[in-house]
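This document opens with one chain alone, in structure tokens, the form predicted alone.
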Amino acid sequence: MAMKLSERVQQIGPSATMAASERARQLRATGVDVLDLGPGQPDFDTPEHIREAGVRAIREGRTRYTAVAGIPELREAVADLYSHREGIIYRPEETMITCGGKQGLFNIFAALLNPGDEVIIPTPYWVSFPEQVKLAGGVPVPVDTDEADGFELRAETILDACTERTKVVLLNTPSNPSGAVIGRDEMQDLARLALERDFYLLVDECYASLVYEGSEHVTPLVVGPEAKDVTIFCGSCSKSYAMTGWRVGYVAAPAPLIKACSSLQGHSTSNAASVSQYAALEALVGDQTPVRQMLTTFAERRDAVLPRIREISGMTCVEPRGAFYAFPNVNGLLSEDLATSADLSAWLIDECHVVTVPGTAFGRDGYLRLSYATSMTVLEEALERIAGACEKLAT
């Protein structure tokens, strides 16, 4: 008998970033020397003091259920993080802990959206944004940012896309995949627009600590406390603290939304893993030196690989101002045989055994995402291979 899947699940696709990693794994299993520029995770170990906090939690028997919304100490640490950073008081009941940032986002969409509600999502976007909106019954509305502006979102772009059904505007700053950072003036305009048009600004802060010199991370609260009621923060320990496998995220938002998200989580996963929460507590309140060291390393890699990417025939690339990705324009390499960036990405795997992620996955064909969250040795060899392969396309 044919499996009768729900319409809900049939309208979403698999994660392209996960698919790229799986393709790399399959090739390696056959003995192929694959260089993978697809992963969206730091290549560093979780800092030792954070690991030790997790081990200590195990030894102390902190392995039982916690409150659904998280242990009180961690919720308070998240509240303190936002209170100190924003200069506006956040209370623990305005925060919750989730099983990674992904669950935080899904909880928010599920708690806010009714069928037909629209969520404006700037492109290029992280692959799961539109899929999560659709799963929650909403309508994703992609709007393009301009490469000439470094993919920075402009408030006027959002204004043009607004309708009476607009419920949420999603701000991913710094951006995955482009590394774009929303500037102070634009963020002020976005916050004022949200207050005027009565929609929420959902700020995905997964890469908030990974902003390079010359840029700054600003939020809608830059206009003052009046923006707090329309601002929803979703953060994660995954990228800042190299804790991708620990699966800890957090949300800071108006208390009624937190209560709704907690009820939802109580009927799905319940609490984030107890041991991971104690490790995350140490991450937030402990020594921040490893975060600064990782940022320094990512900046050095960016500065090394960006000129090399720009030397490759058929590629151009704007400068990422945060995160750890380059998002080169590869339209100059496309042809009748390689008509899309997905075609080009697949060809690069077969031709030179380098894994990239096509821009089609991020809502912008004609681009590739290259992660520099790997060693310089791998980056140099991978870019050398890509350059050699692209020369063949130019001849």
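Start at 1 and count along the sequence shown; that's the residue number. Computed from a prediction, not measured in an experiment: that's the story for all the values here.
As for the form predicted together with a small molecule, it is not shown, yet the points below apply to it.
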query: Partner contact for residue 247 in the model of the complex: the small molecule, 4.5 angstroms, heavy atom; finding: yes
query: Contact label in the model of the complex: residue 145 to the small molecule, heavy atom within 4.5 Å; finding: no
query: Residue 238: touches the small molecule in the model of the complex, heavy atom cutoff 4.5 angstroms; finding: yes
query: Residue contact check: residue 206 to the small molecule in the model of the complex, 4.5 Å heavy atom; finding: yes
query: Contact residue in the model of the complex, chosen from 151, 233, 109, 126 - any heavy atom within 4.5 Å of the small molecule; finding: 126
query: Of 265, 95, 276, 176, the one that lies within 4.5 Å of the small molecule in the model of the complex (heavy atoms); finding: 176
query: Stretch in contact, per heavy atom within 4.5 angstroms of the small molecule in the model of the complex, of 75-83, 252-260, 239-247, 156-164; finding: 239-247
